[in-house]
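Shown below, as structure tokens, is a lone chain in the form predicted alone; questions about how it binds or moves come after it.
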């Protein structure tokens, strides 16, 4: 049965374009699903970007007023890819109108805002999705299967990291990601949220944590509004102050008793996009790195009948979850945007089947609780328990 779903996107920068292309790809990649996303309307406060969504991507309408996306009767899903400071009012307006919401991480400008956003959507009874797209790499999903099936035994050690250099040049522009008043946290929300979400999915909840942070480049050239991305470099403008952190590390204790080490940085030289994890368990070990997302290193020691006894590098193929929708044979490389297509497909499936799915705002809240404990640790210099975030009424 064909199911048409009206999509409205707010925020047509790089990420808004990525999300829009992902929706547009679903009919092609999943023809048997019956899902037919329709790009109804897009919004951006920069008119040229809004028009790009209509002319290049194929939205029927474009606007510079985000409220019109929510008010449009043909929109069932409001997809939010704006700077973090706008997420709370946009989600609140969308769920009040009965619209389902997909919001980019870390959702709120602060853990407290993320808690408020999750509570708002929960009270409205709508479905939600959050952009933790690295979950959907076929080999990450395969790793999750191995863990769930008990093939690795009990996890004892987990190391997660996200090391990127988009801010490594001293003249990388002062985009909104470097400004506390617009983004909230820096590397914590932008990068550590992905690391913690992945750790939750693979190793389970985190019980306590100790953390530290640092800002290495204190000033950057002012960005030109509406132009470029957080990868842009331009030394010509006057410099402004960076008001959030470049680096965060943490030592974690999982509820299972496993020990964890997390590290994220946006100014590191060397790694380009090293979103990675390594875990050790009583029967084996796993290593995966997004820079080589179509490979995973697996060690299984207790059962020689398993497909990968001992140490082996496994190449992604149709036998791994999601891969078969893109290529019929192994060894063809999938991409970041393919993960976004998988992400949007699963989100739409949950809506049409009326079954809550993950990751949504509840999973983002669980991540926010860990990030809040890290921030408390920055102030106290001591280990902090992960606990619920009190809502400010």
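Residue numbers count along the first chain shown, from 1. What you are looking at is a predicted structure, and each value in this text was computed from that prediction instead of being measured.
The same protein also has a form predicted in complex with a small molecule, omitted here; what follows describes it.
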item	value
Exercise: residue 245 in contact with the small molecule in the predicted complex, heavy atom 4.5 Å	no
Close approach of residue 378 to the small molecule in the predicted complex, 4.5 Å, heavy atom	no
Contact label in the predicted complex: residue 220 to the small molecule, heavy atom within 4.5 Å	no
The small molecule contact in the predicted complex: residue 327, any heavy atom under 4.5 Å	no
The single option of 287, 200, 194, 320 touching the small molecule in the predicted complex, heavy atom within 4.5 Å	194
Single option in 111, 184, 160, 131 placed near the small molecule in the predicted complex, where near means a heavy atom within 4.5 Å	131
Candidate stretches 276-284, 175-183, 204-212, 117-125 - the one whose heavy atoms come within 4.5 Å of the small molecule in the predicted complex	175-183
